[in-house]
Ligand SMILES: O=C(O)[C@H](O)[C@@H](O)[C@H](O)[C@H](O)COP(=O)(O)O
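Just one chain follows, in the form predicted alone, and it is written as C-alpha cells.
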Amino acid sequence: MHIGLVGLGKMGGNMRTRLRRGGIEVTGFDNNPELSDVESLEALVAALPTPRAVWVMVPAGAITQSVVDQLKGLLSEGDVVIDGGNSKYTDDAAHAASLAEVGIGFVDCGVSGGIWGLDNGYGLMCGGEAALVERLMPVFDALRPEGPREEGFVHAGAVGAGHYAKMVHNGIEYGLMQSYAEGFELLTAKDIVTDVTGCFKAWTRGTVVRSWLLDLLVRAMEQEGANLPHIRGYVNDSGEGRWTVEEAILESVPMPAITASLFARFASRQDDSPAMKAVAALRNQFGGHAVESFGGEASVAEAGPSSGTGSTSH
C-alpha cells in the first residue's frame, strides 16, 4: 500500500518511519524541505496511485483546515483523507461533509504514543465509515503496537468518534499525571522519606498504581534528580483537557478529578496568583491574619468597625 503523509514533525516523521518499517510505501510532505520527500502538496498527490489515501498530521485548527481545503481541490472521487492530528471532534463532521461534496472520504484518527510510538507503536482511535476504515487497515496495523488488534486500535464509531475518544483519553491522562504529581510533592515534603525515587520505582511492579506514566516519572527523576531541580513547575495544556471538561458540563457528567487537574495547570502558570492575593487579603481583613508583602515582611490590617469583638479563629 502507498499513502501520502502531510506533516513530518516529531510525530509525523516517526510515523513515516514506522509505516515504512511495516511495509507501507510513504510519500511525505512538510513545509521544511529538509524533511519533505516532495516539493509540494500537488507533487504528493501526483505521486500516489488511485484511489489515494492522504494522512494529515499537522496542528489542529486553522492549519488542518487549510490542508483539508487544499486536498479537496487536488484529490479525486474515491480518495480518502485521514486527520490524525488533535482536532476537536466537532471539526470532523464539517471536514467530512466538505470532502463528500466532491466524493472524497474522510476518517478521523486520534493518535497516542508520542515520541515513543516509533518503537512501541501508536494507540489509534478511528471514526468513520466501516468500509473506509477497513480499506485503511494495513496502515493502522503498521502503526499500532504488536499483538492483538483490539489492544491498541479501535474503530470507535462514526465520523468524530475517534477524536472524541482521544479527547477523553487525554482528559484521563491529565488526572493521572496530577495524582502522581501530588503524591510526589507530599513525599518530598516529609523528611522521613529519604528515597523518593525509590518509592515511585517500587510502585512500578506489583501495585495497582503501576502504569507507563509512572515508569516515565521514575525515568525523569533518575535523569534530573529526585526533586527535579532543573524543571520549572509550569505546565501548558494541549486543548483536549479543556474540551473534555466542556463536554462533561454539556453532558452533566461529574468530572471532579479531571477538572481539578486542568485548573492545576492554569495555577502553574501564575507567578503570583490574583485569586490567592484576594484570599490573603480577606483573611487579613476578617481575622487579622498576617499577609506577606513582596518585600517579605508580614503585615496585619488595622482594626475596622467590627474587628474589636468576636472570634478571629476562621
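When you see a residue number, it is the position in the sequence shown, counting from 1. This one's a predicted model, so the numbers in the text were calculated from it and none came from an experiment.
The same protein also has a form predicted in complex with the named molecule, omitted here; what follows describes it.
Stretch-level contact analysis of 188-196, 214-222, 166-174, 139-147 against the named molecule in the predicted bound form, using heavy atoms and a 4.5 Å limit, identifies 166-174. A residue is said to contact a partner when one of its heavy atoms sits within 4.5 Å of a partner heavy atom; D237 meets this definition for the named molecule in the predicted bound form. Not displayed here, the named molecule is approached by G114 to within 4.5 Å at the level of heavy atoms in the predicted bound form. When contacts are judged by a 4.5 Å heavy atom cut-off, S98 does not count as touching the named molecule in the predicted bound form.
The closest non-hydrogen atom of R283 lies beyond 4.5 Å of the named molecule in the predicted bound form. Although the named molecule is not shown here, in the predicted bound form the stretch 77-94 places heavy atoms of just one residue, N86, within 4.5 Å of it.
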